[in-house]
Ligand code: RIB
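The chain that follows stands alone, in the form predicted alone, written as structure tokens.
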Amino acid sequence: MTSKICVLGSINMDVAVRVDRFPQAGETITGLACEFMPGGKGANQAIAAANMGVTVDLIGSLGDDEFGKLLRNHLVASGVNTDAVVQTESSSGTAIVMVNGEGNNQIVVIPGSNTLLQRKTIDEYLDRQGSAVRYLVSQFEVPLDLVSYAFGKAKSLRATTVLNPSPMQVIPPELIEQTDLFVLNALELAQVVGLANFICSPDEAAQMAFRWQQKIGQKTVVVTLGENGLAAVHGDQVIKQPSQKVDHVEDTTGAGDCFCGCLVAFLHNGYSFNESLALAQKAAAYSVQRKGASPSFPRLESLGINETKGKTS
């Protein structure tokens, strides 16, 4: 059976509202446009990986509404296997995404059917796929107990587990133990280590990531810093990489998901850890120059990368 990436996560319809600036508390402003775009961190990361030419399965839950039909069709058209995406008698997950003139966003997520995912679905999938699952990726837009359960079972099948703890919640000790690779942004790192101040510089992020790694064990920790690049701790190696330069930031929605999905895809395809970081940054930089989440993600050829490992143009 072909080795693959499995993503356990959310599927949402993003209601994207574009504004010149974000409103202040109690203020009403006039928006510029309103668009419906497929989203959800699980779906986004699955599509990002599939765009890199990897076989990707998604475990998730959709409602029995029109959004559910549209979202499933979008996943299938994007090359994601939806056999483990169940339908429930509820509304599908929705996210209200406000994007300002600088491309920054504010997001409110209404989980909907994402909260109704059952352990049975995970069992049926992993029992069927077994050791074919090389990487299992998840986030915090589905119930934490399911993420922890799935990671434990995946580890018993010798899969590598990847956690993007977003939106941040307290990470249970057993989930930390079951996770091999953490991918989080600067704010999430500050929250997980208990800092009141925002982490901005690669030096500070590397230092905090190293301290956290020493506390939780020999885990790999990757911290994305937007325009300031990234920092990572991988084994005994501390890595700092500058950001990819872009001409114009159109919309940062989904950039972190693009990075995470592509990072795992490149690792799956045999690139070194440092190469995978740089290529995932390149993919995320591509995405922020276009509107929306998954519709903005690049395909392999858009990055000037041949399918053969290590050959770039």
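Note that the structure is predicted; figures quoted are calculated from it, not measured. All residue numbers refer to positions in the sequence shown, first residue = 1.
The same protein has a further form, the form predicted in complex with alpha-D-ribofuranose (RIB), not shown here; the description that follows concerns it.
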Between alpha-D-ribofuranose (RIB) and V56, S138 and G261, in the predicted bound form, does every residue show a non-hydrogen atom at 4.5 Å or closer? no
Please determine whether I107 contacts alpha-D-ribofuranose (RIB) in the predicted bound form, using a 4.5 Å cut-off between heavy atoms. yes
Hey, in the predicted bound form, is S61 touching alpha-D-ribofuranose (RIB), heavy atoms inside 4.5 Å? no
Interface membership of A95, alpha-D-ribofuranose (RIB) in the predicted bound form, 4.5 Å heavy atom rule: yes
Going by a heavy atom distance of 4.5 Å, is T253 a contact of alpha-D-ribofuranose (RIB) in the predicted bound form? yes
Counting only non-hydrogen atoms, which stretch in 224-232, 80-88, 107-115, 174-182 is within 4.5 Å of alpha-D-ribofuranose (RIB) in the predicted bound form? 107-115
Contacts from 34-54 to alpha-D-ribofuranose (RIB) in the predicted bound form (any heavy atom within 4.5 Å), listed N to C, are G39, G40, K41, N44
